[in-house]
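Just the one chain here, the form predicted alone, laid out as structure tokens.
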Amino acid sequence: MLRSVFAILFSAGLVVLFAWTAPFLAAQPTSAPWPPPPAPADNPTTPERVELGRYLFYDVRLSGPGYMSCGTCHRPELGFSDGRRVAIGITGERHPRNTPGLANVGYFQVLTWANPAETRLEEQSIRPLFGRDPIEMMAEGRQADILARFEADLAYRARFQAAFPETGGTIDFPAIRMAIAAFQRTLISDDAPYDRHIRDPASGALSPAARRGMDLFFDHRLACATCHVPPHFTDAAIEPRFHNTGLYDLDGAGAYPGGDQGLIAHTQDPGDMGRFRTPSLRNIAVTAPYMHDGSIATLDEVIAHYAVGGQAALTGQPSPLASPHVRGFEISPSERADLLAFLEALTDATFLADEHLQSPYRWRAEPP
């Protein structure tokens, strides 16, 4: 009888212990190999579709006027971001949001800054192609002209035939979007110094400063890994999650500037004001500026933002809508330098220079 009681109490204790430690344990690094990004049954990631998608991704003929490609705003040397505060469309119109990097996007459960409905790469490209607010690639109303450009190109006709033999190589926008999505699922960044250290801690891949910074990153005091969960360094790869980082509080009630206020635009829930998807920290050192609106210029300033509990807290009162994870912390100058060293160690030079992910147009960034 006593043994049974003890067994029950012991089991209950394990459950409580696991419940308390699970969130932290889930944030710990792992050297386990990654499975390939999942692909829908109707769009397998075949070499032919990937290669067609690479050509289309960098081809300016995919835009209405014919002088902007996906690669215009998603540059491989910048982690497939663009280095601007916010994106600029083909007409010169400024997008309300910063261009996110695309590393490991095939693993994400939600694909854009604040739209929970955009979960499929095949569908997400509709917005930059055909969107009117803001205008990006201006393909709307010019679909026939765009398709005619590829129909007239014998090399493209052969690529579509190889990629989509089941349709006889039909050139249409569903096939275009599927090929681009297949290419995006190959944008895998997994060879940063951090990754090499996880695979072999004795490799010396991380400097002493970066190793100290890694300890800080995973420590409960800073709690960076609560939202920036490895190996992708975002919780967007786990489930659709959105957070208010306390960036703005214009009225004491958590208001954000008009034009782009986050998840609230889709839910109409006042509590969703200022909530955005957690960006990945992969290649973060080359994807400046930061935040959903590009309003923070450097990584050092990003650390300062979180250290004070969000910039809105500088007015004297933290935003009432800020995530409970954004609570502020003390950090010394030497610790800040170590944390920066770790963040810089998330830069994957192999990924940034991978010839298979670069533009196939050799003599210029994009075809004439």
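Throughout, we count residues from 1 along the sequence that is shown. Fair warning: this is a prediction, and the values are worked out from it, not measured in the lab.
Only in words, not in the display: the form predicted together with heme C, which the text now covers.
Contact with heme C in the model of the complex, defined as a heavy atom within 4.5 Å, holds for exactly one of L206, I264, A175, L102, namely L102. With respect to heme C in the model of the complex, the three residues L222, H243 and L247 uniformly fall within 4.5 angstroms at the level of their nearest heavy atom. Contact check for H325: a heavy atom falls within 4.5 Å of heme C in the model of the complex. Among residues of the shown chain, Y55 is not one whose heavy atoms approach heme C to within 4.5 Å in the model of the complex. Though the partner is left out of this view, V50 does not reach within 4.5 Å of heme C in the model of the complex, counting heavy atoms only. Looking at Q184, you'd find a heavy atom of it within 4.5 angstroms of heme C in the model of the complex. Residues within 4.5 angstroms of heme C in the model of the complex, judged by any non-hydrogen atom, belong to 132-140 and to none of the other stretches in 167-175, 152-160, 132-140, 190-198.
Contact annotation for 114-135: residues with any non-hydrogen atom within 4.5 angstroms of heme C in the model of the complex are L121, Q124, S125, R127, P128, L129, listed in sequence order.
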